[in-house]
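Taking the form predicted alone, here's one chain by itself in structure tokens.
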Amino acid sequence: MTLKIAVVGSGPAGFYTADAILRSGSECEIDIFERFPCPFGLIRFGVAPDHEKTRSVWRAFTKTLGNESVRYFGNITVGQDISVDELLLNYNAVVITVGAGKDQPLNIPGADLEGVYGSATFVNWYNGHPDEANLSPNLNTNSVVVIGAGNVAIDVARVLLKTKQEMANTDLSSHAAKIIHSSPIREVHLVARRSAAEAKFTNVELREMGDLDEADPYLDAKVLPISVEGEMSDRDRRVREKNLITLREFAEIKEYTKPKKLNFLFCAQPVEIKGTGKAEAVIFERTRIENGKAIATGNRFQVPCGIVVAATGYRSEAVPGVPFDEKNGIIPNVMGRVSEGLYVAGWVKRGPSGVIGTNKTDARETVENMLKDLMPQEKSGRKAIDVLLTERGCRVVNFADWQKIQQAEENAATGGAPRAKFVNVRDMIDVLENSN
């Protein structure tokens, strides 16, 4: 019997799920549903535009899409064009892999002022996500505050500080490039609630900040701890120790010759964003680390700015017809199992943690449990779905269609850029209609 599996979401977790099913040796049909015409999710919209090497995993995902057992249903929103119940009726199993694409709210006074953005929103904007194509942030400011101590915070700071020439060979969206490269930004303040020894940057990304053409890194050596303390894996300890070495090197810079500055501030938590109608400054309170906790000291200071980007966490959105834990921002599950026939993998399963490759192990666990559970039962699969979607007038974008869109993006690229992304769904569909 051929197992018929629906995967909802075409980011890393979705593709690792499909790959794990294919590698199991089971006779199967795998249908991947994606609300946009373009696949790859986080790879396309989350990875920094100047990190094309990190994005190269899309080539492996493309091979999965080309497998004869796999079919791509792009431009189809599950919960709107077709329900989860309808998928469960027609497939042996449904795996939800929609990721965590929304911002955790910054719950402080002033967080609703103009000029305050979550990092998911801001990154989606400069990466050409259709949902944020019209964001158009006002970057007419000398100073930006980025709150957070992970790679996303570093990415935002770097993209804002790099020159037009440094970004010339990237796929930074043209609408974002125009605003960023005409802005008068001279300072980016990267502020973390905890100590430098607890920052989540990978060392490769941190070191990049010392090699920017027009920006010097700056921090006060006195705030750096002597060593990394506490219980953690050997790998995490090595990364943190390397980060401290890199930060000490930044702190030892004596001459600041570049016109822009990246200011690292540690042990400072935001308590309020001030401004009349728009962000004008962030009030921070210094913290001290005691027994692994960041304790407020009552000592406050102000950082003037015109833009605030809070890289303080992502969360998933509920999928209609699927249980959802609002508090933790995930679909409740036990090792990937949600309910009969319904499974989950990736960030919507465990929360936004780990790197892209972490989803591979996560997906494998879900698939192993799913294959243990499934009993022989004939299902209609894609034949029934084709009928339903045709009756509803849905414009399905298949793999061949996506390849045409992808080729059009590559053809439109200038200089050394890998592609010029379409940021509107209508423009993607027009490529297909104009090619017929």
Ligand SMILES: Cc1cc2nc3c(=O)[nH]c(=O)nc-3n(C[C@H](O)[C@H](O)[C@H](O)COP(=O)(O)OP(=O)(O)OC[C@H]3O[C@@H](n4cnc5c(N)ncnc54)[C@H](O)[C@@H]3O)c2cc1C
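Predicted model, so just to flag it, every value in this text is computed and none were measured. Throughout, we count residues from 1 along the sequence that is shown.
This next part talks about the form predicted together with the ligand, which is not shown.
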Next item on the list: Give a yes or no for residue 135: in the model of the complex, does one of its heavy atoms lie within 4.5 Å of a heavy atom belonging to the ligand?
Entry: no
Checklist line | Contact flag, residue 8 vs the ligand in the model of the complex, heavy atom cut 4.5 Å | finding: yes
Notebook entry, point to check: Applying a 4.5 Å heavy atom distance criterion, does residue 54 contact the ligand in the model of the complex?
Noted result: yes
Check: Does the ligand get within 4.5 angstroms of any non-hydrogen atom of residue 381 in the model of the complex?
Finding: no
Margin query: Heavy atoms within 4.5 Å of the ligand in the model of the complex: which stretch in 371-379, 46-54, 399-407, 384-392 meets that?
Written below: 46-54
Margin query: Between the ligand and 91, 324 and 333, in the model of the complex, does every residue show a non-hydrogen atom at 4.5 Å or closer?
Written below: no
Item checked: The unique member of 78, 176, 191, 159 whose heavy atoms fall within 4.5 Å of the ligand in the model of the complex -> 78
Next item on the list: Sort through 284, 314, 343, 266 and report the residue having a heavy atom within 4.5 Å of the ligand in the model of the complex.
Entry: 314
Checklist line | Contacts with the ligand in the model of the complex, stretch 23-37 (heavy atom within 4.5 Å) | finding: 33, 34, 35, 36
